[in-house]
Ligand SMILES: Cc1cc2nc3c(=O)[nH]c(=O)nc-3n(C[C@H](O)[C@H](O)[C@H](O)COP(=O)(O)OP(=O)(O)OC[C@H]3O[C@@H](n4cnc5c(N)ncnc54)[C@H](O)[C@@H]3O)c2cc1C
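Just the one chain here, the form predicted on its own, laid out as structure tokens.
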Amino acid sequence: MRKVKNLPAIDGELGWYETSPLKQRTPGVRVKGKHEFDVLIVGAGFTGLAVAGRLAELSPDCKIAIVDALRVGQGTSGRNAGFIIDLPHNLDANEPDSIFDRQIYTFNRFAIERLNGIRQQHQVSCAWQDAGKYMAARESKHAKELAGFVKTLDGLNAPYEVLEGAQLEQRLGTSYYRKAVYTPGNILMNPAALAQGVALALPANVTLFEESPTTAISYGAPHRAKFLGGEITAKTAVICTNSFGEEFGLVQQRLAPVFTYASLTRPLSEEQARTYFNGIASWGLTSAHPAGTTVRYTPDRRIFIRNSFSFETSLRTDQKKLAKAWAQHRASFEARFPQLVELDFEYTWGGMLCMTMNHQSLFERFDNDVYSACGMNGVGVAKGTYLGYYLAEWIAGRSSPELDFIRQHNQPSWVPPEPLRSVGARIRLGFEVIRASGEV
């Protein structure tokens, strides 16, 4: 039986979880005693939830267990920036491939519609907004790089606006940025609340277990997972643990989890909102450089800041790194909003981007009815949702051109072993932060 050495933890003050209207409402219990199921899903983020939901629809008599080490919304799915991005999010800025990009766009729109259907049917309160997204640059060298994004949009015949100067400032309430490309199809939301809402909407043949880290697992007939004081056996095992994927022994040297950090302010007062954001709708902005700062102005009048990176082989961060990130967040916040220097951060936290070298996710079937989907490369709300959906289709024995495409284009390339992986990742992260410069 393989022991799981590194387990998820609460890394800081989880702002989206703490402000979620669905906090503490998910029905999960801890795994205690012995249980038998047809399917065991480890990981109750957007991927695992999508597998559980779709598989339960396809096989209503199937007994499904979905288990998370934390509460739903406390893991990576609840620590991101709260974007569901519809357009291809090409972090390497390679030459666009219009056929491939169009298929990814179709998958992303499918994920958005599926999540929105769940939200509407079950009246999930998650601050869902059809707000679009700005990709913005402060420095002229990065403003020029927006042209690559525009080229991708033109290949897709996707609508967009190019905004500069005073026109951009009127949209954002800050004069920090030189130029931006606005696209209308992105969704903004509270990701912890959305994940909790999806969990609450799971069909009756799905049992949710929370606060139950898997301590050991063996694959066979049946598969067996151990927990503190509990055990689950199942005919089929599905590992959807993203950054913790290699802890379960199915693959090695494919994933590169990177910590990034976020802060969320206290709400602006009515006077501050009226003075500095009068007539400005809530918005979300990503940087023209991948190592730059992500910023949001939320419906409850908070400012969200995300930047800073670290590579942690333990898959946990610490107070020293959180404090360093907080200091950078303050500098980034005050540079963009000098009129709000007295506005405190209420929450600061860390979360992981699970990257792969070629930006393809792990989507695989192993021997003895074992499946896995991990490595979402920073776009896990949409990608995790559609990969989880089609993984369930695969488990149920279905076939489709969409499933064929996913299997063909999700084969992560090799990552060097330790210590080369850590050394290379830290050098690359440091280099990209220097390159990002004023975008941080």
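From 1 onward, residues are counted along the sequence shown. The shown structure was predicted, so the numbers you read here are calculated from the model rather than taken from an experiment.
Beyond what is shown, the protein has a form predicted in complex with the named molecule; the following relates to that form.
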- Each of S20, A199 and L208 near the named molecule in the model of the complex, meaning some heavy atom within 4.5 Å? no
- Message: Using a 4.5 Å heavy atom cut-off, which of 54-62, 394-402, 27-35, 374-382 contacts the named molecule in the model of the complex?
- Response: 374-382
- Query: Does the named molecule get within 4.5 angstroms of any non-hydrogen atom of G75 in the model of the complex?
  - Reply: yes
- Query: Would A69 count as touching the named molecule in the model of the complex under a 4.5 Å heavy atom rule?
  - Reply: yes
- Query: Hey, in the model of the complex, does F107 get a heavy atom within 4.5 angstroms of the named molecule?
  - Reply: no
- Message: Under a 4.5 Å heavy atom criterion, is V39 part of the interface with the named molecule in the model of the complex?
- Response: no
- Of 232-252, which residues get within 4.5 Å of the named molecule in the model of the complex if you count heavy atoms? C240, T241, N242, F244, F248
